[in-house]
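Consider the single chain below, provided in structure tokens and representing the form predicted on its own.
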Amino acid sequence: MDWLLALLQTALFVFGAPLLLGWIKRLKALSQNRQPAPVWQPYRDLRRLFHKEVVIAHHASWLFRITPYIVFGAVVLVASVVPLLVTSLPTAAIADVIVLVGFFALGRFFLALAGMDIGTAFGGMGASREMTIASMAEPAMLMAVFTLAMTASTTNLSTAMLTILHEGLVLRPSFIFAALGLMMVAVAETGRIPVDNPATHLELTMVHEAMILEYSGRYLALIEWAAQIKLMVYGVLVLNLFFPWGIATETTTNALLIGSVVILAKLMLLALILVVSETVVAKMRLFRIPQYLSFAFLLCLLGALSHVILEAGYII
């Protein structure tokens, strides 16, 4: 039963991620007074790409061909250990946030290599920008994890969620700073505005799109699908780490139904917040991204310091 639930959660991540992206695009179109596409449009796009012929440059190496499978596999592996509906799963033992950061870095590493493999200017430019952003985003994310770990005394996702659930609703300034910092990092890691714009192909602004310009067919479908799953994973991490109320702690039918409804409502609300922020905030210049990520790191650092100060004051 536990393994079936683990497979079910992974399937919800893999097959539900395009639906979340479709919901975000629909809300964004409505907020800009445009005619929205159906929420299942990302499924149509993936189906179209899977049926298209793959075109590869003559001098592309084996690395270029295997990168889409590595990127997709790494993201699916991350999705299989992130608690979505219930915390008590057989994969919970390996659900460590630091390990998840490593898997994300693995996919990013191969994608950057594939971008430079063809030898185009766009691919090298995108790989350089991606690694520059990652070098500043990963420390901020780890600092947010350490802030959470100091409260829960662990970096394990399931254990941290259970600890917060058992303590009940407590106002923690450290969690507010860490959550804001992690959300800023999630925006950068998933290529959303103001760091990147997934809807543009302008060479002066694109980051993620520049690395995958040479991909087509099923290769491009796997990379786009992996990006959609990554967006959902970051959303679930923010929601279930800092707002875990509603997630099931037992594998009963009622608990799973309540957990499904709650996480669906939280994801829809988070998508609305993302759409509002992308509508009112413009795409920033590339040279201002370090300031953005430095501020995210500062927020996470303030979260860690506020936890230490408040905890020390409590002990005294």
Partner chain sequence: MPLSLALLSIVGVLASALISFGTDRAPWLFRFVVLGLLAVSGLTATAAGVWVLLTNQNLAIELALGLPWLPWHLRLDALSGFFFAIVGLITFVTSLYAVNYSREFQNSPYSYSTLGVFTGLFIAGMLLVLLADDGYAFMVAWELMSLSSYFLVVYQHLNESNRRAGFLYLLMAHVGGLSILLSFGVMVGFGDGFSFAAMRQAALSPLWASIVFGLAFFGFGMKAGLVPIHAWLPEAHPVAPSHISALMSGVMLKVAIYGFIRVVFDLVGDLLWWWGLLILFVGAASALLGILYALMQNNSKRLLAYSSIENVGIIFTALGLAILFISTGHPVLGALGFLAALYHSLNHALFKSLLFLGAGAIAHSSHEYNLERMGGLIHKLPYTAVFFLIGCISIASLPPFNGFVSEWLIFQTALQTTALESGILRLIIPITAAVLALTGALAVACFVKLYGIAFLGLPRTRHVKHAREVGGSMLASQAILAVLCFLFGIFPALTLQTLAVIPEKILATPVGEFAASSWLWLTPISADVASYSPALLLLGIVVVGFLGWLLLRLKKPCVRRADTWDCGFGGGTARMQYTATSFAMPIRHILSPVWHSSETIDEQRDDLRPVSIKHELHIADRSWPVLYLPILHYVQWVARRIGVVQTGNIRVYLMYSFFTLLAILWIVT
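Here the structure is a predicted model, which is why all the values come from computation and not from measurement. Numbering follows the first chain given and starts at 1.
Not on display, but discussed next: the form predicted in complex with its partner chain.
- Comment: its partner chain is not present in this chain, but in the model of the complex one of 237, 179, 112, 164 has a heavy atom within 4.5 Å of it, namely 112.
- In the model of the complex, no heavy atom of residue 44 sits within 4.5 Å of its partner chain.
- Contact check for residue 190: every heavy atom lies farther than 4.5 Å from its partner chain in the model of the complex.
- Under a 4.5 angstroms non-hydrogen atom cutoff, its partner chain in the model of the complex has residue 214 among its neighbouring residues.
- In the model of the complex, its partner chain sits beyond 4.5 Å of every heavy atom of residue 172.
- At a distance of at most 4.5 angstroms from its partner chain in the model of the complex, all three residues 53, 122 and 135 contribute at least one non-hydrogen atom.
- Contact with its partner chain in the model of the complex, judged as any non-hydrogen atom within 4.5 angstroms, is confined among 180-188, 241-249, 226-234, 126-134 to 126-134.
- Interface residues of 50-79, taken as those with a heavy atom within 4.5 Å of its partner chain in the model of the complex (partner not displayed): 50, 51, 53, 54, 55, 56, 57, 58, 59, 60, 61, 62, 63, 65, 69, 73, 76, 77, in sequence order.
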